[in-house]
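This document starts with one chain, in the form predicted on its own, laid out as structure tokens.
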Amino acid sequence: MGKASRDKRDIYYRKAKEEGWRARSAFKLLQIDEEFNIFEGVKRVVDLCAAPGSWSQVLSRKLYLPAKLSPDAREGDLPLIVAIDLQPMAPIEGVIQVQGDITNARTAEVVIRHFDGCKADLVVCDGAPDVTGLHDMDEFVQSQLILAGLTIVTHVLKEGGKFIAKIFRGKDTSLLYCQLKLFFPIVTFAKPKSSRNSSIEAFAVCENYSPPEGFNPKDLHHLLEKIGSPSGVDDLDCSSGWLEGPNKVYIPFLACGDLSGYDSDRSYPLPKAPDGTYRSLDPVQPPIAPPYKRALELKKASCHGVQELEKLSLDS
């Protein structure tokens, strides 16, 4: 079955377009909130790796719009949502866009300026690299992306705040868990119902941000190196293989979303119009500047070139 055909039969793919979400991943954040109530009391949020914007849409609909439509709403009291990505993103009501790199501390400074010097209550990150299919490689690159996100978190998240990040589960998951536990006393790996069982993706739900005493955000890289070392500073082998026996860590893992609801791995029949045909919906928000845009232009140009040659040979 081809990808396009599979996507049409994916209930979350169709529901996303029906409900106006830019991507099916919106349901993942909604289901995490159902289980963990992550939006309670939240006034300032940062969305890392935000494009194309489905998680920013969730933040807008769950936080900004209800506050704006409230009868006693005041402009200065509305929730602030800052979305960061290297790629541009179509506008979303109540969301401030920052085009920046999450590995750069200057990006954190821009965010804090938008918050008038205050810090965020919640940071979310649904970012992932282009996967290779080599799970060990994908898991490693994803863990590095999370640690890059954590460098931003240590600059912009207030103590007691929450951090939600996509992870890839694998043999070194316990190492990542221990690294996150340095900063958050409560860490749970969650698997929303809308996340396909065939995917190694899950989400780290980190609560009650509490950096170690004397922690300096600039020292983050060195501190995270040392967590993988059973013998201390002299041995910086970042392997979690030593987390065995009395050191073994059992990671809380929780499925979230209505377990009797739609199954993300099942194909559902296409809904038919009265005339018996199926009408496919257009994307809610097509990409503005996709990285594959140049490749499509070159492919189109080469196709036109072949057609011109065929036309010339027929005319002669």
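Keep in mind that what you see is a predicted model, and the values were worked out from it rather than measured. Residue numbers here begin at 1 and follow the sequence given.
Beyond the structure shown, there is the form predicted together with ligand SAM, which is absent from this document and is the topic of what follows.
Against ligand SAM in the predicted bound form, the set 54, 85 and 126 is in full contact: each member has a heavy atom within 4.5 Å. Comment: 23-31 is the region of 23-31, 66-74, 257-265, 276-284 lying near ligand SAM in the predicted bound form, near meaning a non-hydrogen atom within 4.5 Å. Between ligand SAM and the residues 95, 147, 102, 167, the one pair within 4.5 Å by heavy atoms in the predicted bound form involves 102. For residue 38, no non-hydrogen atom is located within 4.5 Å of ligand SAM in the predicted bound form, even though that partner is not displayed. Shown alone here, residue 50 lies within 4.5 Å of ligand SAM in the predicted bound form, counting heavy atoms only.
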